[in-house]
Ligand SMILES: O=C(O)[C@H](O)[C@@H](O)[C@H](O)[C@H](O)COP(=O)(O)O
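What follows is one chain in structure tokens, specifically the form predicted on its own.
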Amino acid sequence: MSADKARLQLGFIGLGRMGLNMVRRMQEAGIDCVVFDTHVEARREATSHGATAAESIQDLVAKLDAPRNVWLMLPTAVVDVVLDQLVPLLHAGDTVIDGGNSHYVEDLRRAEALNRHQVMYVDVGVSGGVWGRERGYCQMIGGPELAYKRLEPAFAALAPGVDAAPRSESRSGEPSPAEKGYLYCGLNGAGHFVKMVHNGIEYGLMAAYAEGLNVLKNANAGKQTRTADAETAPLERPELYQYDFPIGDVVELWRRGSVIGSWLLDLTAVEMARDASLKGYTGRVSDSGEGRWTAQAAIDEGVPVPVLTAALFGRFTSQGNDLYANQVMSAMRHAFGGHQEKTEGKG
């Protein structure tokens, strides 16, 4: 443990699925965490791993030495609510870190507001999910460089480290922060901007895997009985679609030596091994905002992102938001051709 890590103290608000594991990882690295969460059980769990629990936000600030560093790991909808309570308790030179999935536009507003109190604001896009405690967290950081340098021991403690991936052939010498798993991306908003695009790409990757596997799953279409009527397009060559692929094994296969192998595919294989039919899932895919923000940024920049936007619209479809449009089209077909809706597959 370095002397710098031993000296760093960090307040941490929000002990959810990621927050608690992040505190555990920092405590293990020798960073002193003072924590608060509205759930008493979460605070108790954090103290069992060496953290100091606070009874309130006021108590948390009182337990921190100046200059104070307070990390928020909260849903975007409550960040401002907590800041309204926190900022009046802070002093010039203190720092607030938002590690959630806030929109970078909100970062700019918050940074300006905190700057009036001479409090620094740092935005950190964090990727790693529930596996981050063991694997580490990839971090994309924006804000004043002074604050970044002060907090670098915390970023290093959370990061996966250089051994998490083979070094690129063109890199040599002392590993850079990016090779260790964290990067200072620029001024306020930069961290969450990079994370926003990261999540937009994630939407596209997930959709590509899902669509491809769906084609494989339905490769037995020639074996299925199809209604012969004016409303159903015939399968012209059913003999071409007689395959029953073991989807879980295909995913497992692609993990080994395939150009489309990835950690995302690894996680898919875990789910498939439990139940390749995925009967425990309804197929409703939520979107937390980053895909929308990525699409909006692309529009503002005049940059085409057809894959990312298609993936976003696919999520809207999964949420049932295409129902009325489909009803309109069905009504049109009935109006111009007398076509009757088919009811197969309706629950």
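Note that residue numbering begins at 1 and tracks the sequence as displayed. Small disclaimer: the values here were computed from a predicted structure and weren't measured.
The form predicted in complex with the ligand is left out here; the points below concern that form.
Note on the partner interface in the model of the complex: the residue among N101, T95, T268, N188 having a heavy atom within 4.5 angstroms of the ligand is N101. The partner is absent here; in the model of the complex, the one residue of E179, E202, E106, E152 having a heavy atom within 4.5 Å of the ligand is E202. Per the 4.5 Å heavy atom criterion, the ligand in the model of the complex is contacted by stretch 126-134, the sole one of 171-179, 126-134, 254-262, 269-277.
The putative spot formed by R7, E28 and D32 is not touched by the ligand in the model of the complex; no residue has a non-hydrogen atom within 4.5 angstroms of it. The shortest heavy atom separation between H192 and the ligand in the model of the complex exceeds 4.5 Å. K63 falls outside the set of residues with a heavy atom inside 4.5 Å of the ligand in the model of the complex. The ligand is not drawn, but in the model of the complex it has no heavy atom within 4.5 Å of D37. Although the partner is absent here, H117 lies well away from the ligand in the model of the complex, with no heavy atom inside 4.5 Å. Along 291-319, a non-hydrogen atom within 4.5 Å of the ligand in the model of the complex is carried only by R315.
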